[in-house]
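The chain below stands alone, shown as structure tokens; this is the form predicted alone.
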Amino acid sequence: MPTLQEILTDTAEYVAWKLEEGETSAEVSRAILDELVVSSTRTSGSPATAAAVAQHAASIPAEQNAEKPSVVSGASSTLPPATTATSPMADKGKDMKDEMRAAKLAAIAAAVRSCTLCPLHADRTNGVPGQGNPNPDILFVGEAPGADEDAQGLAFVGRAGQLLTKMIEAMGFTREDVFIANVNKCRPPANRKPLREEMDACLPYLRQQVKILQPKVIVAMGATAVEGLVPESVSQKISDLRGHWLTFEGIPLMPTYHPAYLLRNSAMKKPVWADLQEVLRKLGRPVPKRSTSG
């Protein structure tokens, strides 16, 4: 259970970040603040502390109790209404951190959609920041958006995305449990491989997302994704890299084949399933008795 000090520290960090973004106010669920009042008495036994928190909570306008996004993307989605103050404090702390993550991810998504850092922006329909759970165990990273993704502004929604969904479900997750993104956020012409300078221009967005998401494992799908995240691997074939753990920003990274490659080479589904089983073992999760061959 987080302490009152830990939650207040998280709140302070959130407010500081909002100020850095040029905003003059910050939204926090009233239910979370109400729970702080209850928690302050439980943990510190100090009526003065409880009164101070209550006074601060009362000063926040009611309109700041709006629902917050839980799945961050170009599309709109919301968290369920805040739970009551009788919920466990641990849940409240998690809700607040997820709200903070979602807000930061939404800011990155907005920056991606208006980005002009490389020539790819000129021909895009939509920037594709990525979408999913703001607090995932797994981050899946591909190469760049295709035509379907460019049209919808969402990552992995075409045929390769449908296969990725089956792969995720075979692992015992849903797409809503994980986060899905690409090294490049804009579609290259004719789906060509992104140039190194295009990847370098776009990677800061992904680095920021990884810093916020803090996934336990990254799955890099395809040679370009691995090259973008681990440049020193450029001289190695994906067939040699797959199945062997690398790291990105200190996070374990599993290279594997891209779902689009599996659509053309169904025999490679078996080694990909072996790679995904290694991911499950790294997470300490059971391996379902099924494969991605569907």
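So that there is no doubt, residue numbering starts at 1 and follows the sequence shown. What you are looking at is a predicted structure, and each value in this text was computed from that prediction instead of being measured.
What follows is about the form predicted in complex with a small molecule, which we do not show.
Novice: Sort through Leu206, Cys186, Ala155, Ile218 and report the residue having a heavy atom within 4.5 Å of the small molecule in the model of the complex.
Specialist: When the small molecule is considered in the model of the complex, the option within 4.5 Å is Ala155.
Novice: Indicate whether His258 is a 4.5 Å heavy atom neighbour of the small molecule in the model of the complex.
Specialist: His258: contacts the small molecule in the model of the complex.
Novice: Should Gly146 be counted as a contact of the small molecule in the model of the complex, where contact means heavy atoms within 4.5 Å?
Specialist: Yes.
Novice: Hey, in the model of the complex, is Pro129 touching the small molecule, heavy atoms inside 4.5 Å?
Specialist: Judged by the heavy-atom cut-off of 4.5 Å, Pro129 is well away from the small molecule in the model of the complex.
Novice: Taking 4.5 angstroms as the heavy atom distance cut-off, pick the stretch from 209-217, 116-124, 98-106, 138-146 that is near the small molecule in the model of the complex.
Specialist: Among the candidates, contact is made by 138-146.
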